[in-house]
Structures are given as C-alpha cells and as structure tokens.
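Below, in structure tokens: the form predicted on its own, a single chain.
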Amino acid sequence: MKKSRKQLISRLIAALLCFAALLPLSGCGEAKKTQKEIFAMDTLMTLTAYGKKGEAGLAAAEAVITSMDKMLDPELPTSTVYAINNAQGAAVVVPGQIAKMLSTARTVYDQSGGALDLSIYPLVKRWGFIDGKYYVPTDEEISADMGLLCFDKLVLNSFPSSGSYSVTLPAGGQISFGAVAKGCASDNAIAAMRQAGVTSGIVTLGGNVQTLGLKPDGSNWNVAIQDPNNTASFLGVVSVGETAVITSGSYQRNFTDLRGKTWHHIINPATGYPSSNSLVSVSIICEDGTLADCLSTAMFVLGENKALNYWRTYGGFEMIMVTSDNRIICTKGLIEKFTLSNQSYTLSFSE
C-alpha cells in the first residue's frame, strides 16, 4: 500500500522511540544479543534475540514477516487478500495465517457486536488512510460504503484432510487485515524464533511488542506504554513474561481537515466515521498476539465502559485504557505489574 512520505517518516520515528524506551528497561546481562531491523507492513520492525541461536532465529522471523507482508497487502495484485477482494464471490484458497486471523477476528466481531469488522476496508480507503490522500466523505459516500460491510457473510472453510482453507467473500465486499496483521506477524515471528532454538527475545512491530520467554537473567520484561500526548515519551511501564502488548490509538494515524478538525484512522463500523468516545489509546496484554491486535481495535471502538464489560464477560486478557482527560484505567490483573511514570495522569484499577 502506498503511504505519504510524511506518514512513513512519522511511523519510523514512533517505532524508534518506542523501542528506545523499551531498551533501557530490559537489560539482559551477558547473553549474546542479535538484532535486526526490517521494514514491512509500512512499519519499522526491530527483532531481537539472545543466545547462540540468535542469527538463525532472526532470519527465520524475517522470512515469516516478509512472506506475510506480500500476502496481506490488499493493493498488491499478487497478494492473497487482493485475490479474495476481487474473486466476485468465488472461493479462494488461503494459508493458515489468514485462516487464524479470520477466525479470531470473527470471534471478536461476534462478541463485540461488530466493533471489529475487517470488511471496513472501503471506508478506510474513502477516508484516505490507505494512500495518504485524506478526505472527509459525504454522508452519502459513507452510507454507500457501509452498504458493502459483509464480514458476517464471509465464509471460511477448512479441509482437515489436506490442512488447507478457503475463503468466500460476497461480490463487492473488500477486507483488510490492518487491524490484525501485525499481531499475527508477531505471533508467527516468535514461533519461528522458538523453532530455531531461541529461548529469549523480543519483536517490536511499529510499537507493538511481543516477547519470547523471559530475559536471559530469568526476570520479566519491562514494556513501556507510549504517551498519546507526547509520543516521544511514555506514561508507564508494564512488567510481563512471555506475551504480547499491543496498542491502538487515535494518535497513531490522523489528519486535520481545512476546518481544523482532526480525524483518526480507527473507523467505527456502526457509523462509518472515526470512533468518537473518551479513549485515546488502548493497550492489550495477551499471550495470543493475533487476539491482542483484534481486541485493541475492538475495545477502542467500544469505549471505556463497554470495553470493561467485554473484559468482565470474556476475560483472557488485561487492558490499559487512556482517556482524553488524562485518566489511565487498568484491569485488576495489572495491579502488581503496571507502574505509572507520568504524574500528569491519574491511575485506577477496575474490577
């Protein structure tokens, strides 16, 4: 997908700042450190492994991410997603990564009342968040694009005897994996590193973090949560073992129109407009990076109260929500794990 030069530079800077914040918090003794930076999915990614198998692990992780990048770009005619979007209702054979993303996203879609909808791609394009040609659509244009929402009609078939899958999307519908791709990529990168013999490492994908094992000295990783009001800094630190920490926020990608109103990239499928509630960022802590990525978007769209109700109902993750009035709400599982470092925020924990 084409991005503006300014947008790409902003993402590079944000990713570098996030990783810079993480590094001093995660010293790893004398273990051999191997590190590699790659650019994929329009994001600067930093892969780090510790121990003798580091180089092999990072090579395997890079191969997985590069393969997924080529497969998931909806604007690339050779990609699997392009094939799905242009199949005019015919079935398309897809690999296991796509099947997992669709299955996970569909679960979150059902449980959240449609707050996460991968068929929202036409709306995201309309607003200009794909090519950087930002535009505030008319009500008529939004209504037309909302008529294309069809995630509930997507059919995913599995064929156990061959281990293959197929996807059928209604003609005219279009999907994108922007809300889940990096989470799945980090899952697969960590799996590739583990298979190569790495037992301790981190992948940082545009601010999303996923860890492998513990630090070489056996202690937890300390992951910095970016400050939405000052992306060069962080508002606190969460102590974690092997898990994913994935954030969605209105500060990550936005534009200001000629009237001075700022619009962000997280579209509410119920309205066709950028989500509008008290939240400015949501971070999900969950062992499954694919699920964490899905949840970070869905919880942001749901808003503070409905997100907490979702957590209470389904569980399986912890959450850090930051509001526009400088409140930080953490779920109770983070009481011993989250440390506030920016005193301009007030911190509370929810049962």
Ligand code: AMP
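One-based numbering along the sequence shown. In this text, all values refer to a predicted model and were calculated from it rather than measured experimentally.
What comes next is about the form predicted together with this ligand, which does not appear here.
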Options 80 to 88, 214 to 222, 266 to 274, 196 to 204; stretch whose heavy atom lies within 4.5 Å of this ligand in the model of the complex: 266 to 274
Contact flag, residue 187 vs this ligand in the model of the complex, heavy atom cut 4.5 Å: no
4.5 angstroms heavy atom contact with this ligand in the model of the complex for residue 231: no
is_contact(residue 178, this ligand) in the model of the complex, heavy atom dist at most 4.5 Å: yes
4.5 Å heavy atom contact, residue 244 to this ligand in the model of the complex: no
One residue of 101, 169, 238, 115 in contact with this ligand, assessed in the model of the complex (non-hydrogen atom, 4.5 angstroms): 115
Position in contact with this ligand when the complex is considered in the model of the complex, options 49, 284, 61, 301, heavy atoms within 4.5 Å: 301
Contact set, 120 to 156 vs this ligand in the model of the complex - heavy atom within 4.5 angstroms: 120, 124
